[in-house]
Structure formats: C-alpha cells, structure tokens
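Just the one chain here, the form predicted on its own, laid out as structure tokens.
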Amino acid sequence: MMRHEVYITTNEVKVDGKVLSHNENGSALLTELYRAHVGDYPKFFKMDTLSKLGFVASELLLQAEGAPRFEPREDRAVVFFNRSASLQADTAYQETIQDPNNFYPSPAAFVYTLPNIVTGEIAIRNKYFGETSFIVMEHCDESIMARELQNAFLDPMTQSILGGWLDCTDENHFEANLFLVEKSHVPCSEVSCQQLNESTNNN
C-alpha cells in the first residue's frame, strides 16, 4: 500500500497531505527546503533544477517514512515519470554552444542533460540497488504509470518503490508528486494526473 507522499510545486509543499510552511517560491523554495530539512549534501548546489526537486522531494518523503537511512538495500526501486525530460538542463547547455564565436560547452550543464541523473542521485545517496528508471511521456497518464510500477514489481527482489511524477520546464515552473508504494498496491497517486496536467499547462 502507499505509505507516504510528498507534493511540491513552485509555491506549495505538502508532506502526507499536511502543508509545510515556507517563505520562498520557485527555485529559491528548493534551496530553502534543502537548508531547513537536509543540509548535509553540498552537491545539491551543483544540481540542475530537476535534480534539486527530486532530491528535496525524496528527502522529505524518506524522512516521513522514518526508516533507517543509508543502508544498502536491493528491495527498493526508484521509478519517475515526466513529460519534459531534462528540458531545463538541455536549454542551459544549448546556450553554451549556441554562438559559434563564443563556443564553450559546459560540462557542468551537460552532465544533467539526461532525466535519469536524478534517479541515480537518489539511489547513490540512499544506497538503493534496485531498478532505477525515468520514463518520459506526452502527459501524466495514470494507466501507464501504474503499468510501469507493476512491471518494476515483477523483479522478485523489489518490495517497494520510491516513485511518481517529477517535471520541470525551468527554474520557476516545476512539480513533484512522489510516493512510497508497497508491492501489494501500485496506484499512480492521490493527487490525480488531471491536476498535474492542469498545473503544467497553466505554467
């Protein structure tokens, strides 16, 4: 069954349905959440916005779970979905190679031009050795998400998944709806895909 859920947009944060107070909005909100609730992973400041969002959301989620952290485990997978892939990092990288007279490819931006970098960050941080995947689709589709979560559970080692919707188009337009789900139940989320699609379309 679903045990915990975190929902973050550019101006709202909820942990298990309870509003988490904050002062900032947009990308500054992610830094505020990091400083207030994590603070021990300096690599955060080098991440692109998608990775910052996934990192902070996963930290809040795992803190809500309250289980022992940073112990090797093969029974947990990380499965994320979105529709923008790594657009924000792609755009930032493109800007470094756009001008042929000022052509300076940025390795710091290039490293984040794959959306699954964030699943790797979370898996490494928490020593998860189960499946990690990031699936890009045209829009939030509950049936596809449920199917892919079910597929992940076909691995007999996988007993739980840290998964959900994680989308970012730029530093001030993003949403995360992450959850922990057990093998016995694999819903998309208590926050409907309709709500997420409307949020994205309005940004």
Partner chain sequence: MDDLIYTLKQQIIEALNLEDMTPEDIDENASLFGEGLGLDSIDALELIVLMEKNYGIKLKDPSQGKEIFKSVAVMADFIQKNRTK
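Residue numbers count along the first chain shown, from 1. Just so it is clear, the model here is predicted, and its values are computed rather than measured.
Another form exists, predicted in complex with its partner chain; not displayed. Remarks below refer to it.
Between its partner chain and the residues Gln150, Gln63, Gln159, Thr31, the one pair within 4.5 Å by heavy atoms in the predicted bound form involves Thr31. Note on contacts: among Ile97, Ala108, Ile124, Leu114, the single residue with a heavy atom within 4.5 Å of its partner chain in the predicted bound form is Ala108. Its partner chain is not drawn, but in the predicted bound form it has no heavy atom within 4.5 Å of Arg69. Though the partner is left out of this view, His139 does not reach within 4.5 Å of its partner chain in the predicted bound form, counting heavy atoms only. Although the partner is absent here, His37 is not a contact residue: none of its heavy atoms lies within 4.5 angstroms of its partner chain in the predicted bound form. In plain terms, the part of the chain that comes close to its partner chain in the predicted bound form, with a heavy atom within 4.5 Å, is 40-48 out of 139-147, 54-62, 163-171, 40-48.
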